[in-house]
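Form predicted alone, single chain, as structure tokens, below.
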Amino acid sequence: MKRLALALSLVALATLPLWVGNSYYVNIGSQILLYAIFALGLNVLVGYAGLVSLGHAGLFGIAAYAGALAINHGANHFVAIIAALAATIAAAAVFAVLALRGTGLGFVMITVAIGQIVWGVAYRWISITNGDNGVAITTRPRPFGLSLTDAPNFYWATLIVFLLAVTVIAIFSASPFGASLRGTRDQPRRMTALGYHIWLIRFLAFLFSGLWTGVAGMLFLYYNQFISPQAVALGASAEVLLMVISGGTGTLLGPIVGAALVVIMKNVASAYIERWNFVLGAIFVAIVIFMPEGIVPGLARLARWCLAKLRPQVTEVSGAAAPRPESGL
């Protein structure tokens, strides 16, 4: 059943532009995929390492700004992407060195402070970032000669990157390093006693998280062909963190579901519901109350509960129908 569900999901995703038709909704699909990559990258820290970051929008924006500036200074798209990812990983290393000095609330506050510094630089360093006016690009890459100017082609390119991200992060979570990272989350003292370098494991996880955050930042740049300080604000970091928490931390499917929920509410439901922020807030409150572990683990728990309720009835009926063995005496 899992393989069938996976196959049907892949077919639905691959054919979405064909059966949706409307370019607006195809673009919504692209947004869901790129934000899902962002949420998956953040989930490496939040879900597997137990480190809550509220500054990841800073890494997201650094990738987009670096890519945009490289393109506007004459670099081709391949060089711009490599430069943007390199800048993001370097920034993630700086973030990690500073943030990993604390844990728990201390880690959260340090990431908030660093994220606000990045936002301040983007907002005030007008000679580089153009301030509130942002930085625009006029072209998109043409991989293998395929133009990404129309919505379906851009969606399919984003889908390929998304599937690559899911595959790599799935391998990462199932690897011995992923297991050691979860160990630092659950039993850091025991991991230290066993000889593991806790700080180094978390540092490498931060770099891995920053890499996929940078990939999402470049997709965001190419999607909007524009980047501004709004993309690196604290609200952007909180929004992606809500995607991870609402979908289910420490799961592969959870951040994807959370990204779909938030993007659909912002771009689709807002066209029909004036107070869509209130509705989204009510949904988050309901998730915290009824499914505190997130939508995906919560639905799995509900399915197990329903099956458990059905099994005794089947046993009772079958037991009543079966004749009792009689004694031979």
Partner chain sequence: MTRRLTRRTLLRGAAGSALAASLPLPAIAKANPIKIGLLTIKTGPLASAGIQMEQGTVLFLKDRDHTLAGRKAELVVGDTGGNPAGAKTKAQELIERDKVDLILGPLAAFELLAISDYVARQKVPLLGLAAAEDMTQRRPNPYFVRASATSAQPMHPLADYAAKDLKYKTAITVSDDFAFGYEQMGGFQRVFEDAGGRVKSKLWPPLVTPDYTPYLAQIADADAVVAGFAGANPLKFMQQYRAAGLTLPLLGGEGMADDSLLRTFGDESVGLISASPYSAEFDSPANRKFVEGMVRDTGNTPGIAAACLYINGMVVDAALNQTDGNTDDREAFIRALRAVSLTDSPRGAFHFDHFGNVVGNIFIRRCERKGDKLVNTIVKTYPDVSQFWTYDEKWFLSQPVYSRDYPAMRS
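Numbering follows the first chain given and starts at 1. Computed from a predicted model, the values in this text were never measured in an experiment.
This protein has a second form, the form predicted together with its partner chain, left out of what is shown; the following refers to that one.
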Seminar exercise, completed: As a check of understanding, the residue in L34, L261, I28, L54 with any heavy atom within 4.5 Å of its partner chain in the predicted complex should be identified as I28
Exercise. Using a 4.5 Å cut on heavy atoms, which of I126, I171, I160, A193 is close to its partner chain in the predicted complex?
Worked result: I126
Seminar exercise, completed: Which of 300 to 308, 266 to 274, 62 to 70, 46 to 54 lies within 4.5 Å of its partner chain in the predicted complex, heavy atoms considered? The stretch 266 to 274
Problem set entry | Distance check, A83 to its partner chain in the predicted complex, heavy atom within 4.5 Å | no
Problem set entry | Touches its partner chain in the predicted complex: S237 (any heavy atom, 4.5 Å) | no
Problem set entry | its partner chain contact in the predicted complex: S228, any heavy atom under 4.5 Å | yes
Problem set entry | Proximity of D132 to its partner chain in the predicted complex, heavy atoms at 4.5 Å | yes
For this session: For the heavy atom contacts within 4.5 Å of its partner chain in the predicted complex, list the residues of 210 to 227 involved, in sequence order.
Result: F220, Y223, N224, Q225, F226
